[in-house]
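One chain comes next, on its own, written out as structure tokens in the form predicted alone.
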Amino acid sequence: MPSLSGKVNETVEDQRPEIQGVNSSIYDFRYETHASFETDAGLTPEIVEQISKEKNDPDWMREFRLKSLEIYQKTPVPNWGPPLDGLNMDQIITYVRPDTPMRGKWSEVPDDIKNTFERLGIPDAEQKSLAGVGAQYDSEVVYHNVKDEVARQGVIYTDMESALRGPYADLVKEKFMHLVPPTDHKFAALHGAVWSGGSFVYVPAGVHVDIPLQSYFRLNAAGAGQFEHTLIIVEPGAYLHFIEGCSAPKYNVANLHAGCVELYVGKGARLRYSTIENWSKNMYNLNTKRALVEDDGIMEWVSGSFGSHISYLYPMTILKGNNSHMDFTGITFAGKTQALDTGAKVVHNGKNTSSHISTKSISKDGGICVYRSEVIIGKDAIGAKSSVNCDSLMLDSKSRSDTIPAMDVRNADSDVGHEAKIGRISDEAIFYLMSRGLSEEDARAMIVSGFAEPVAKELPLEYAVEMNNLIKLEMDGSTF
């Protein structure tokens, strides 16, 4: 499989202060795994059957899993992105059940798991700024709660297993992996075979959930995979902001994340989906996210991609309805040993649809950032408008940044534009800021902070602070 790695001017000595990478020490801790059950490593029909039995799946889900496994076995590994040579499914444990059932009270969560989420600030965030929280540890949701005032609005927010067997079971069966079918790509098929955990959200027509909901996914077990499924349905005229957080400690073996997110935005509805991912540097992050938007609907993505050894991540929006709209704002940071291939995709099918994609990437210490996008304007998408803007900042001569946009326009009555800027911090900008009294280190820090600011301002304050902490850079001992 071709590698995107490259060497640029490595013989040129750079005398400027070294810029350090993301300080993720607050996330890089772990506790001994106390699993009540886990499968053997590998991927076989017997293991898939075992997962289905342990989860008490209905018959249709068991058959769906086995069919997905067949598709996985027949589908080739992608050969157009960062290399996946270090990922061996024979060594991945696909299901690890923590030694606790799901709890509705934080005080009832076992101490080791509770301490993990407390160190990540989840209970504090729930009290201050969230309407509901789901916390997943390895393969299962261990805590789930939604505020009474939100539940009284008719909002359903629960774990996927409960939704699969509860009053909304028929709706789950209708929508599950409909937007992202197992035939989509190899790791979508893998997800269909071994998925576990995740969130189900249903917002009734006309209901505005004024405070965000959040799910947080923590992978603690070494050599394991996490395959949560998120399904959100926002009915006509409703509004929801959903926040997703992810992290894992660092191990010297490969871990895998292959989750799936399916979002349905009804007529005149609006959904904002914010993600801050900080996986460890041994993680292969092969996540799939997709939204379907009806007439006059609005889909907003805010994405922060940090950590992981390899990432393939391209949230996709299908603008099915007339006058529907999509906004995507994202930032990616790649340091040493990292190749992060990220971007977005949008399909314009309805009339007078519009989309805007704005991304930032930062690479340092040999890290590789690739921006990959696709804009498709269908033949019936008369009056469609789309603009794409991607800015890349390389902090040293060893790093790399590539931009790979694709535009597929199938009618003449549309307006599509793309702009890309790739560069390094200019000596002129540093000189100007130093002339205003800043040190060289502070000048560089200010430029990087300003570069990321358009993404930070799209997040609630608490999460903007978290994102800024994730992209802290150290310069000769100074931090910002």
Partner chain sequence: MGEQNILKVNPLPTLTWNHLMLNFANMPLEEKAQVKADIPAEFNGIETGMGGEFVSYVESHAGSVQLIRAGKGEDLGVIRDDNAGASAEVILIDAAEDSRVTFYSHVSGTKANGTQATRLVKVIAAARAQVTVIQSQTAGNDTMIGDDFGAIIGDEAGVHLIQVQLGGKAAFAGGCAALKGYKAGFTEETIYFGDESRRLDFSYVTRHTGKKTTTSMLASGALFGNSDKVYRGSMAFIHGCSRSKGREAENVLLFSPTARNRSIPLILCDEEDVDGQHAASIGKINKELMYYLQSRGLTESQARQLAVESRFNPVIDEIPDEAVRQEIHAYLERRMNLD
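It should be emphasised that the depicted structure is a prediction, and the values quoted were computed from it without experimental measurement. Positions refer to the first chain, counted from 1.
We do not show the form predicted in complex with its partner chain, though everything after this point is about it.
*The single option of L231, I310, L256, L395 touching its partner chain in the model of the complex, heavy atom within 4.5 Å*: Comparing distances to its partner chain in the model of the complex, the residue within 4.5 Å is L395.
*Just one of L66, A41, I430, I422 has a heavy atom within 4.5 Å of its partner chain in the model of the complex. Which one?*
The option sitting close enough to the partner is I422.
*Out of the stretches listed (158-166, 404-412, 85-93, 221-229), which one is close to its partner chain in the model of the complex, meaning heavy atoms within 4.5 Å?*
Correct option: 404-412.
*in the model of the complex, do V209, Y273 and S303 all put a heavy atom within 4.5 Å of its partner chain?*
Looking in the model of the complex, the three residues V209, Y273 and S303 all stay beyond 4.5 Å of its partner chain (heavy atoms).
*Is the gap between K351 and its partner chain in the model of the complex 4.5 Å or less for some heavy atom pair?*
No, no contact at 4.5 Å.
*Please check if F176 has a heavy atom lying within 4.5 Å of any heavy atom of its partner chain in the model of the complex.*
No.
*Can T288 be called a contact residue for its partner chain in the model of the complex at 4.5 Å between heavy atoms?*
Because no heavy atom of T288 falls inside 4.5 Å of its partner chain in the model of the complex, the answer is no.
*Does its partner chain get within 4.5 angstroms of any non-hydrogen atom of L438 in the model of the complex?*
L438: no, not in contact with its partner chain in the model of the complex.
*asked:* Suppose contact means any heavy atom within 4.5 Å; which members of 59-83 contact its partner chain in the model of the complex?
replied: Those in contact are N79, W80.
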